[in-house]
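Okay, here we've got a single chain as structure tokens, the form predicted alone, with questions on binding and movement later.
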């Protein structure tokens, strides 16, 4: 049965797993989050699936293509070749020799190895790539093309867990959306934006009061959300960028763009049912000392208009928890999400 190793942001593995189950339905045999204790990974085992083409002929379903087309929370889809313990390059070489790589790589197809290493080792990622590439070339005679390979082999060593697979995704992670023509200095990954949307269980009027380049509202609109979506941003430059992104995504007419200050939220909306936002924090605004006052003023305004759930992420744990408590909100859920090399705190409130 086909096995896949899927990657996503740390801390949203359970949300991604539920999305996978919705997409694949009864094709899923087994799904496990954080296999071998590795965060940001999902192990998926599926049945063989089939469909009838326009001529009524039975064709196999490509699980990788289905997930690539439909997932909003995954980063990479890797067809799993093997998982084994390996403590050094010799053991990595031995494991690679045992893999039936010929079934995935034709003699004249070019390939490239993308290797990553996490933990303390006496060798580098490039050394893993060199060893794995040499063995694959010996077994298949396939040419190496590091720039534009027809087949990408992904080799990961995480501690002493060695993972080898065929990367169906390609060199660009799925979280990199083609609609992003304007980059906010601290934009949110689209995969995390969708996880926050899932946590919010959106209904009614939806707002992102610190919308930046518009990632959250745009991703919500792309999901076919039928109610009002408000993208509020204080800085004209970023709001213009959000509009550019929405045009590129084809959802400009689905979003209301408002130039305004989130600490005066009640000036722009009388009531809102769902609020989701990536809050400003020290690294984003450059003046960490401003954060407690900013959060207090924002949650004060939010208490006047929110009739439903809010979901927020920030690095400023103490400041947000104080503001939430001060203004009468209840924390329904907390979790930590890995984003841009930082551990950000996520809060679901009502």
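Numbering follows the first chain given and starts at 1. Note that the coordinates shown come from a computational prediction; the quantities given were computed from them, not determined experimentally.
From this point on, the text means the form predicted in complex with a small molecule, which you will not see here.
Item checked: the small molecule contact in the predicted complex: residue 218, any heavy atom under 4.5 Å -> No, residue 218 stays farther than 4.5 Å from the small molecule in the predicted complex.
Check: Do residue 294 and the small molecule come within 4.5 Å of each other in the predicted complex, heavy atoms counted?
Finding: Flag for residue 294 set to yes.
Notebook entry, point to check: Are any of the heavy atoms in residue 210 no more than 4.5 Å from a heavy atom of the small molecule in the predicted complex?
Noted result: Residue 210: contacts the small molecule in the predicted complex.
Checklist line | Partner proximity in the predicted complex: residue 280 to the small molecule, non-hydrogen atom cutoff 4.5 Å | finding: Within the cut-off, so yes.
Checklist line | in the predicted complex, the residue from 92, 174, 249, 188 that sits within 4.5 Å of the small molecule by heavy atoms | finding: Filtering the options by heavy-atom distance leaves 188.
Checklist line | the small molecule: the contacting residue among 114, 234, 121, 139 in the predicted complex [heavy atom, 4.5 Å] | finding: In short, 234.
Check: the small molecule isn't shown here, but in the predicted complex, which of 210-218, 123-131, 83-91, 159-167 has heavy atoms within 4.5 Å of it?
Finding: The contacting stretch is 210-218.
Margin query: the small molecule is absent from this chain, but in the predicted complex, do 184, 238 and 261 each have a non-hydrogen atom within 4.5 Å of it?
Written below: Affirmative, all three are within 4.5 Å.
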